[in-house]
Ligand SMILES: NC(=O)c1ccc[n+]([C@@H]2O[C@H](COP(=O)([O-])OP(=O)(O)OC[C@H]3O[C@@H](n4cnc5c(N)ncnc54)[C@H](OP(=O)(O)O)[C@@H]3O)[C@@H](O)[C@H]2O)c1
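The data below hold one chain only, encoded as structure tokens and taken in the form predicted alone.
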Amino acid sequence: MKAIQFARFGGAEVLEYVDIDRPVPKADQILIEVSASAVNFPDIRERSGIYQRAETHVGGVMLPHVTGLQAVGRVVQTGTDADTSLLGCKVVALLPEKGGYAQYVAAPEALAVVLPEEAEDNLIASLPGQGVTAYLALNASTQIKPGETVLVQGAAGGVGSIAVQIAKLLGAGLVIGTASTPEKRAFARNLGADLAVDYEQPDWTDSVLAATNGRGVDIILESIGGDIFEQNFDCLSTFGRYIVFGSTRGPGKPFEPRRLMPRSQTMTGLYMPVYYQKPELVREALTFLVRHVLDGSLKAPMSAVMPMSETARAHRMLEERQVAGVIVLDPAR
């Protein structure tokens, strides 16, 4: 089968379009003939070797490696303990062992959800990694309550664009998104953000405070890090919940937990792969996402469909922030 593989760490140039053996499903797995997969920022971190660093606490990557943490396709084989009735079914799956950049991938049955035939493969393929993270941030790391205010950092990105919509679907009263360009801020507003602000401006927190009558927001979803991490506290309300799920600008300075005490604030870290240990929550999230995409109440974050053979170009586009949303890969090309 065709796949995108890297045998050394580095820039996008290390990604190679190669022929490798088709995987054999383990006892609890299903084998999927992939019709669509997608590029996620963690794929870039794997490729560049960041996860080999002890301070990331991820555990590293064995080389050569096929990355890709999500896929849509049809079940063509089941492991000895998997449900044989899934044969021939169209599914969406998350992939703890990665491998989504390929024409076939093995996935745990517990992390796959059957799709109706009318589901559009490319749209659904853009959802899992980012959508499940967004759902868990608002339903596991915290429980959003109707009427609460939410600040979504990076609201034009894969996770952020879905989080804006999920917050609205779950009854948020005010959703504020941040993005670095006018085009991305317009994108966030089109998805349902009530206000979009430029976090590159030194007074961006004043805009958030003005929109909340000085109170600040109840929930912050943070994926940027660096100076933004610290600035978020200027607009987090008393009893506010701060959810950290990424750090595209780096982890920043050490944090003193006792600073949360005076206003009874909380901080929670979210690393989506940890939830593979709770597959029922992952399946709940996938089911929610698929249902709302199919009924039209949630817009999938797909920005482009590219041939899998051009994955290196897709990585460069994501690294250079040239896209608002998710790049889907077509394994047939």
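Residues carry their position along the shown sequence, with the first being 1. Given the structure is predicted, the values throughout are model-derived calculations rather than measurements.
Missing here is the form predicted together with the ligand; even so, the following discussion is about that form.
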Looking at the partner-bound form in the predicted bound form, is K145 within 4.5 Å of the ligand by any heavy atom?
no
Heavy atom to heavy atom, is E16 within 4.5 Å of the ligand in the predicted bound form?
no
Would you please decide whether R321 lies within 4.5 angstroms of the ligand in the predicted bound form, comparing each non-hydrogen atom pair?
yes
Would P273 sit within 4.5 Å of the ligand in the predicted bound form, counting heavy atoms only?
yes
Which listed residue (T149, N232, S223, Q165) meets the criterion of a heavy atom within 4.5 Å of the ligand in the predicted bound form?
S223
As a check of understanding, the residue in A172, A107, A125, V159 with any heavy atom within 4.5 Å of the ligand in the predicted bound form should be identified as V159
Given 241-249, 111-119, 210-218, 258-266, the stretch touching the ligand in the predicted bound form at heavy atoms within 4.5 Å is 241-249
Partner contacts for 174-196, taking the ligand in the predicted bound form and a 4.5 Å heavy atom cut-off
A179, S180, K184
